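We begin with a single chain expressed as structure tokens, specifically the form predicted alone.
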């Protein structure tokens, strides 16, 4: 096992009726900015529960945060927060709303120019603080409720970049499975694939004698495989939804990556497909992951064989046959959730591959993957395999 430091200060409040506990978690006298997305919280009863919990506070609202939150939209919220002297933010929604909230919280106190700098110039610009914030989660997927990372899109330049800081962990996150009962099938399937791929990015690399991390990761994968179809069939199945919700949180709270190598090349490539074509984030991962696993099957051989045996019970055949069977089983699982896994199914052609290569070359992107051995020319080949 590699050396590691693990830090996660987020309080998780899980279960039915727990939105009411927001009243105890938000500091007394705080001026609160409530952030949300397209307004579904006003149709499913979540908004009323949150407002009841905040009835002793001064509350301002900022809605309309998009999937893959837009920098341009978020800067409007930053201006509102500054003008109204906001000192606590409550994110009510899915991972995109929470990612946007993390940006707002950091940008309000950022004093080094344009806040986009802490995404575009990570090496030179470090965050020094952020307004405290909490979350009420309504869409399991990203794990943003229990980590410090965020992904923001700048529409003007079609860039989708990441940031994270010790200052951008939520103070608390409320996970009530009942808030998700009205989710459409597309969002549920996206969430399952998103969480599944988060685990794969941390698990499917190479062995470093970390059996506990492996088995926790495999436990999350197996739970998603077992509970995902139940949730797709019946989103109001409280137990199945609760298991899915907790799995998505566990998939990216730092526990699985402690002491092990991580990949994240699938995410880096997938972000470009979203930025250029607006393809749902999870669907870009489903496009890229199978091809990346095939392309890097030699350097990932040991973990691919372990994954095939422990997750899909693939134990017969040559190593090459078992590896291919494991990848095909992954694709079949994604397809069972009504997720397409090739570029042509999204009307994306070779011109986009050329554009992504050019964007990576311009940014100086290099040394992706757990072995830092995926270069731009490799990205091109992986995407060609995804056609």
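Please read all numbers here as calculations on a predicted model, not as lab measurements. Numbering follows the first chain given and starts at 1.
FYI, the form predicted in complex with another copy of the chain isn't displayed, but the following is about it.
Colleague: Choose from 93 to 101, 137 to 145, 221 to 229, 108 to 116 the stretch whose residues reach within 4.5 Å of another copy of the chain in the model of the complex, heavy atoms counted.
Modeller: Careful reading of the contacts points to 221 to 229.
Colleague: According to a 4.5 angstroms non-hydrogen atom cut-off, is residue 255 in contact with another copy of the chain in the model of the complex?
Modeller: Close contact exists here: in the model of the complex, residue 255 approaches another copy of the chain to within 4.5 Å, heavy atoms only.
Colleague: According to a 4.5 angstroms non-hydrogen atom cut-off, is residue 167 in contact with another copy of the chain in the model of the complex?
Modeller: Answer no; every heavy atom of residue 167 is more than 4.5 Å from another copy of the chain in the model of the complex.
Colleague: Taking heavy atoms and a 4.5 Å cut-off, does residue 213 contact another copy of the chain in the model of the complex?
Modeller: Residue 213 belongs to the contact set for another copy of the chain.
Colleague: Residue 247 near another copy of the chain in the model of the complex, any heavy atom under 4.5 Å?
Modeller: Yes, residue 247 is a contact residue.
Colleague: Please tell me whether the candidate spot formed by 68, 73 and 356 is one where all three residues come within 4.5 Å of another copy of the chain in the model of the complex (heavy atoms).
Modeller: Looking in the model of the complex, the three residues 68, 73 and 356 all stay beyond 4.5 Å of another copy of the chain (heavy atoms).
Colleague: Let me know the one among 290, 242, 132, 235 whose heavy atoms come within 4.5 Å of another copy of the chain in the model of the complex, would you?
Modeller: It is 242.
Colleague: Going by heavy atom distances of 4.5 angstroms or less, which of 363, 366, 11, 371 would be at the interface with another copy of the chain in the model of the complex?
Modeller: Only one listed residue qualifies here, and that residue is 11.
Colleague: Taking only heavy atoms into account, state which residues of 1 to 19 are within 4.5 Å of another copy of the chain in the model of the complex, ordered by sequence.
Modeller: Heavy-atom contacts within 4.5 Å come from 1, 2, 3, 4, 5, 6, 7, 8, 9, 10, 11, 12, 13, 14, 15, 16, 18.
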